[in-house]
Ligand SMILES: Cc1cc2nc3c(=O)[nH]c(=O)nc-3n(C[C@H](O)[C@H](O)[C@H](O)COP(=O)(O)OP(=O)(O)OC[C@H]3O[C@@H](n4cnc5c(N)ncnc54)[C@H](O)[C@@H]3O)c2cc1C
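Encoded as structure tokens, the following chain is the form predicted on its own, with no partner shown.
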Amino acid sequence: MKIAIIGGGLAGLSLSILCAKQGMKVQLFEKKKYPFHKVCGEYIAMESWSFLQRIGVPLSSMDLPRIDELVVSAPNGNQLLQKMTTGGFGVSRYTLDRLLAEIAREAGVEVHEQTAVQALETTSEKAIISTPRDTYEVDIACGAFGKRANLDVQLKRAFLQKTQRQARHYIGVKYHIQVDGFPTNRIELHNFKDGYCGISKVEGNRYCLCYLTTAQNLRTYNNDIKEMERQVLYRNPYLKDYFERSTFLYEKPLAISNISFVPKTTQEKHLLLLGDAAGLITPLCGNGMSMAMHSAALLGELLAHFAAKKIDRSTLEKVYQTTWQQQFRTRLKAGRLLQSLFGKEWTTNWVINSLRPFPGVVRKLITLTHGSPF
């Protein structure tokens, strides 16, 4: 069976490896060249550890930071410290995506780097993918093209229309930094007006500093990221301290825009969707990377059944939609609820004060946004 996967992030690469190991002929299309940095918090929940090792990522030998402590602060400096039962680990997307791309090639995946998909035609029997170089015909096409892509527009996806009418638009900004005195087992989440910033260690002597805020916040300061940081983020004393004493390792920050948390669908016109293309959890939950890989595991198993003629195409699409919803619907709803409580000065302070005496409640909230090992 021939499979095409559009998008070579965590979801797309993971699915390509799973399918290739099942004997399928896999074409993977990625518009950039590996390795490259991505706007991402780079904290992965432990639920993904065994999956990554199973598909070939040598996590145990990579000396990665194990993260089991969470700190959340309000803009005024009020702070909550919480131990995490399972926690996670830190690794940069630059490193992880590179390793997965190498594993995919070794498994027989034909990886098309620097190749944007310009057009897509799909039916229940085949898919035709057009790129600047060539046209490919396959049995099934899968979309793992991230939060928002040109193909979303071509497919006239409903979430785009809803986003235009009523959703707030967000931007994400990321740096790698070096900073002294930051506990390697900790992830910190510092709130500011209309946003929040996460900081945690990745491999080597690096920390990921990544924040989400509204597009309006940036427009207020004439789209000047540095000025917005000084005027808004610095009002949180922890962020002011980190920004002023850290060594920033990028010449300029990585940034993405038009982020939306409006619910999406798992298939469009027989294109099967996974990762952020199927649903985006709010970053403060720290579960987006695991969800991307877990969705690949779900779809990969069903595609194996389809290739073996154990299920038909209609059953494949219906069962994938059902299992995806069962796994992720609660997490997405909990994430949207939590995001509504943070990023507002007085609300965040009130929530932190209310939760501090009840660590069991905090653990329960973390559980709602995470899953079990897969």
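Note that this is a predicted model, so its numbers are computed, not measured. Residue indices: 1-based, along the sequence shown.
The same protein also has a form predicted in complex with this ligand, omitted here; what follows describes it.
In the model of the complex, this ligand lies farther than 4.5 Å from every heavy atom of Phe192. In the model of the complex, at least one heavy atom of Met289 sits within 4.5 Å of this ligand.
At least one heavy atom of Ala116 is located within 4.5 Å of this ligand in the model of the complex. Within 4.5 Å of some heavy atom of this ligand in the model of the complex lies at least one heavy atom of Lys38.
Just one listed stretch, out of 241-249, 78-86, 108-116, 300-308, contacts this ligand in the model of the complex at the 4.5 Å heavy atom level, and that stretch is 108-116. This chain appears without its partner; in the model of the complex, the one residue of Arg336, Lys32, Lys318, Arg329 with a heavy atom within 4.5 Å of this ligand is Lys32. Checking Leu160, Val232, Leu155, Ile259 for any heavy atom within 4.5 Å of this ligand in the model of the complex turns up a single hit: Ile259.
Contacts with this ligand in the model of the complex, taken as any heavy atom within 4.5 Å, map within 177-210 to Cys210 alone.
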